[in-house]
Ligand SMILES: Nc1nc2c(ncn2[C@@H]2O[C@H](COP(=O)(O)OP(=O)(O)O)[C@@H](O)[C@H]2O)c(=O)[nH]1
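Shown next as structure tokens: one chain only, the form predicted alone.
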């Protein structure tokens, strides 16, 4: 769980991760926080690591956490989720544990209109489980900030491996606007998406057909049907 200035939400996400039936250890990598994130995470029961400066690289924080674990599979969880439960994480892990897929991902809940679209888009969600070798297959030169999810996708897709995705009902996250204010939040969001788009050819090195490989190996898990009011 990479975390930088996530004191308001990290404890709840540590608790959800610890309660996941498939988790053995919860590691939080404090990536230069100044708001007490590390202390809150430790109090919630996580093993806390501190990443040295320069702070602010999600990819390098994740790499530090993976290096500190001997697990064969890694469940990554963002520290800024809201509404996340152990049940959500159990559901994300289950297809992987059963051997049906190589990567399993949970998406935020954007509502009934947008969820079906989001589930078919290139997956950028931080809530995912992959075998250790997938993360270690990303070259050190490509461990760059927020682009790590795209790099994990690249390993899976270019290997023609299977992925399943699902909506985590009721799960959202604290936006950058909520964290640092509207103006700076929008600026940081724009910089993030600009860095992601720069990965695609002809500017970057990711082939457009990689997404086609992703779709060919994709299964979408249906959300549990909600009971009607009449029962």
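Numbering follows the first chain given and starts at 1. In this text, all values refer to a predicted model and were calculated from it rather than measured experimentally.
Only in words, not in the display: the form predicted in complex with the named molecule, which the text now covers.
In summary, the region of this chain contacting the named molecule in the predicted complex, judged by heavy atoms within 4.5 Å and restricted to 152 to 160, 96 to 104, 73 to 81, 128 to 136, corresponds to 73 to 81. Contact annotation: residue 57 falls within 4.5 Å of the named molecule in the predicted complex, judged by heavy atom distances. With a 4.5 Å cutoff on heavy atoms, residue 192 counts as touching the named molecule in the predicted complex. By the criterion of a heavy atom within 4.5 Å, residue 47 is excluded from the residues contacting the named molecule in the predicted complex. Taking the partner from elsewhere, residue 166 is found to have every heavy atom lying beyond 4.5 Å of the named molecule in the predicted complex.
In the predicted complex, the residues of 164 to 196 lying within 4.5 Å of the named molecule by at least one heavy atom are, in order, 173, 176, 179, 192.
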